[in-house]
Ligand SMILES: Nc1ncnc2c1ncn2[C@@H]1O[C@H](COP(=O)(O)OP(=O)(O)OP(=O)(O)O)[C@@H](O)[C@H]1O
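A lone chain, given as structure tokens: the form predicted on its own.
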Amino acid sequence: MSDIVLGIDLGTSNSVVSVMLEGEPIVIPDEAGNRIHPSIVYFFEDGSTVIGNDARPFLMKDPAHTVYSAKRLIGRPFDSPDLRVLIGSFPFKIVSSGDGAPRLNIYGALHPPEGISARVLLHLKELAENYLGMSVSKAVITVPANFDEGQRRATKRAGELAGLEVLRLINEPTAAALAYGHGQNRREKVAIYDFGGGTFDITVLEIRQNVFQVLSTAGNSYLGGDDFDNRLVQSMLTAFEKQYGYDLSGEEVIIQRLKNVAQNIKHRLSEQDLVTARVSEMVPGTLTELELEFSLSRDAFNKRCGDIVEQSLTTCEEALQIAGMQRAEIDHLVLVGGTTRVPLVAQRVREFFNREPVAGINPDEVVSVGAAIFGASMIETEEAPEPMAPAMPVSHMDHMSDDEWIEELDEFEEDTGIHRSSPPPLRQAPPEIPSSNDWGATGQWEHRPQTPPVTPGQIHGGNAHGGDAFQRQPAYQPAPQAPAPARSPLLIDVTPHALGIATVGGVMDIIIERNGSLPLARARHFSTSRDDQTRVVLPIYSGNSRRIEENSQLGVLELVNIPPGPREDVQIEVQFEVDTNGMLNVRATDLRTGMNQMARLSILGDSNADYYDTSDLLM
């Protein structure tokens, strides 16, 4: 048991941690038996903290020092337009820092968002260790499919700050699909509708036995169940002002109490058609008590919040278009995330896909269970001896499409009894390369697009015993069949956003295409724009538009110590690689000498949290 891997769903509102024991998934509870752990950290004035369920009461008692929804801030630059809108909705102070990243000012101490997430992760780690009676140090952590480079890096750093070796970041919908389909010998196309507390993702996958191939993904990092709560809070604030003439919107303690009321109403309306509530508040600085009593029907709630659900369905349509599929081609629908418990959400998703969702799935736990399954498979792969396999005929494979190639490989494994621990390199079609653009006009460099063949890295895999996050219902159970052989799950995810560089005219030259299968690598050749130029700075953008202003600057690539020479003689190949974590790596080579060229990739909003003091966490 020394190599147990935690499967962690690090959520906006709540987090879940699971492990695989003797081939079965176990969701770890706290001492009170709770298996859902709020992603909340309360700070006392001396710097000590309370985390999880014990921290929840402080949301109403002391909101200025109770941090929640840090996932909405993680990996974002402080001047991000989306972040600036969010900052005003939090009761705690959020300030800028010298590195351009946000900091949470708690009693004068500045905490990066990943520092808060690290505390939540450490809490989950300790819960698991107490439950198992042993120390654990490895984890697979899930992230929203729509997370960009900065958010993924910050999440991985949070795990490291918590003393965890992060074996892999996997996308939340992919983890849910793994929990749903692993070991079930399925062959089907599945839509994973993942509506959490602060993020929304839709992923379309094809499951072919132990191969989980993402066909498309789309999402919104600022759409979640919190938006339903905020909508109800605003309605109550408006009612107070209309009835009594007092504006309470600036009173953080009152806001938090109203949020608690809103959540309670939302949960009750999931079971009832009509809810009556009574709210009493004191006018700050006076002895005047205001009382608000009202009833809210489910229909009225649906009208207030319907547009939030429709935004998610628009994103679903986008994902289907990217995959080149019609709704009728989806075989099964899986609902993930606590927000899918809202009747309006479940109803509209059923209507959109024209099918009932798979029954019996626990939407709160399925992502963590999938991460645990994958983590266990990674360890088993490392420990298993590498089998000797007869070679597949390469000449035959060269003329096959990727789908035919995977099908051939499945049949090859079944015939030989040999199971792969990691897939051969996935071939990628070269992207469309725009016409050459002269960077000399901007003082940067001349761009000469070329895309030589590149071999991506390997995807980790391994063997795992079957385990599910739900009890299946007969109506959704396929015909009885022999159990599938225990083989390692092979996850083939995709890039959620295109990556590129700015060119003359405000056009983004796409280097890494959207929806490209991971791992993925692309190369470009560049030359300097003037003689004896020794340094080049290149802005890197992320987004799905060809116009730069509609995308977000991800960071800056800097090439330094370039050997001087005439500009027409300097040839530098820059290779952009997105690994199986969905994280970008950059390498550069001076083609004149064949030597590696120094390249630095700086991500906007990177908080340099490696220097964050975690001594109080690890005591």
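The first residue of the shown sequence is 1; numbering continues from there. None of the values given here were measured: they were computed from a predicted structure.
The form predicted in complex with this ligand is left out here; the points below concern that form.
**Q** Only one of these stretches, 526-534, 109-117, 490-498, 265-273, has heavy atoms within 4.5 Å of this ligand in the model of the complex; which one is it?
**A** Heavy atoms within 4.5 Å of this ligand in the model of the complex occur in 265-273.
**Q** In the model of the complex, which of the listed residues (Thr339, Ser377, Asn171, Thr203) lies with a heavy atom within 4.5 Å of this ligand?
**A** It is Thr339 that has a heavy atom within 4.5 Å of the partner.
**Q** Find the only residue in Gly219, Gly225, Gly159, Pro102 having a heavy atom within 4.5 Å of this ligand in the model of the complex.
**A** Of the listed residues, the single hit is Gly225.
**Q** Check Gly196 for me: does it contact this ligand in the model of the complex (non-hydrogen atoms, 4.5 angstroms)?
**A** Yes, Gly196 lies within 4.5 Å of this ligand in the model of the complex.
**Q** If you check in the model of the complex, is Gly11 within 4.5 Å of this ligand, heavy atoms only?
**A** Residue-level check for Gly11: yes, a contact with this ligand.
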